[in-house]
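Heads up, the chain below is alone and in the form predicted on its own; it's given as structure tokens.
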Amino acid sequence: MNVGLPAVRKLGSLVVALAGLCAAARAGAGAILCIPNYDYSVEVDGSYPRNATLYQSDSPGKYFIDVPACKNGLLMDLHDKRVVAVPRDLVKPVDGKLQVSDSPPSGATAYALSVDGPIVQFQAEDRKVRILRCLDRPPIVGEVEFNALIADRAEYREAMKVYAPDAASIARMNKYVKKVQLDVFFATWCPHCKEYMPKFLRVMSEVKNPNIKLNLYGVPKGFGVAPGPWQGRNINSIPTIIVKIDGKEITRMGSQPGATPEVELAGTLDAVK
């Protein structure tokens, strides 16, 4: 839903996208209800703290930003182009959401926000805060450990929680006796990877078979000509998962609409006994 305000439309593509989001439920008078939006990342002083989160609210144009290092919460109003400090005792969990006071105390500190292309930014408590699409963050490039990837990317971590793999497929994978190597090439800037990788990572988090080895490689934009472990592998699209059994490449998996990676992978293993 677009709020339809000319002033908001002029703030840039990111702001228009943010202002078009709203939660379904309404809070009581003087408060707004907020839910996390992991399509956007919160950068603080050039880094991305694990629990720094943007929350969209049920009030068009208003967003709550939680920066753990800040003393106060931050209520962003895109209509007024400002961010207001909200004492933490005025932020309360309610039914899986955050209830945030929409009436900060008199004299509450306010900060001006600005727009730099697709990025919203402001200074709060001497910290530089930027809000940008998660796909626009600097990419992970090269080999990355499973736990490091999950810790770094909230959009992957949170989407993993809502995917329920097929239990029978997981059970078959856990009983497989041959040596399996999965070389996974993906990109944190890729929207297809953003949809597919959380499902695949959730599957691998439930696979406890020591015969199955997982290698994760983040690729940069222009990976066709950039040096890296993807060179010479005939990788033309991402994500690409190369499945090797006993050292021999058997097949490749990729993102397809409605893909269920555990079913596809279990089927491949079933075919190679």
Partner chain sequence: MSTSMSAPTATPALREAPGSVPRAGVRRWRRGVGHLGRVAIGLVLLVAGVLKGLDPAEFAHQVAGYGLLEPRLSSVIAPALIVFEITLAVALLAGAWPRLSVLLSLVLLFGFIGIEAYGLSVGRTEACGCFGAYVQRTPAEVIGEDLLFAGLALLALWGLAGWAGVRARRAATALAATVVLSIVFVVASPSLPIDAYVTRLSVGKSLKDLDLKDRVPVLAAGRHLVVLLDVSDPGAAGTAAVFNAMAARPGAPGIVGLTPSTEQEIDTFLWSAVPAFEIHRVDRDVIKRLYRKLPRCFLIDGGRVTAVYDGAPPGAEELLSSEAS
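The shown structure was predicted, so the numbers you read here are calculated from the model rather than taken from an experiment. Positions refer to the first chain, counted from 1.
FYI, the form predicted together with its partner chain isn't displayed, but the following is about it.
Exercise. May I ask you to check whether Gly107 falls inside a 4.5 Å heavy atom distance of its partner chain in the predicted bound form?
Key: No, no contact at 4.5 Å.
Self-check item: Any non-hydrogen atom of Lys81 within 4.5 angstroms of its partner chain in the predicted bound form
Solution: Yes.
Exercise. Answer for Tyr63 alone: is it within 4.5 Å of its partner chain in the predicted bound form, judged on heavy atom distances?
Key: Output for Tyr63 is yes: heavy atoms within 4.5 Å of its partner chain.
Practice problem: Report whether the minimum heavy atom distance between Arg133 and its partner chain in the predicted bound form is within 4.5 Å. | Solution: Arg133: contacts its partner chain in the predicted bound form.
Quiz prompt | Contact assignment for its partner chain in the predicted bound form, among Met76, Val180, Val203, Ala154, heavy atom within 4.5 Å | solution = Residue within 4.5 Å of the partner: Met76.
Practice problem: Identify which of Pro118, Gly142, Pro87, Pro138 has a heavy atom within 4.5 Å of its partner chain in the predicted bound form; exactly one of them does. | Solution: Among Pro118, Gly142, Pro87, Pro138, a heavy atom within 4.5 Å of its partner chain in the predicted bound form occurs only for Pro118.
Self-check item: Partner-facing stretch of 172 to 180, 125 to 133, 94 to 102, 154 to 162, counted where any non-hydrogen atom is within 4.5 angstroms of its partner chain in the predicted bound form
Solution: Of the stretches listed, the one contacting the partner is 125 to 133.
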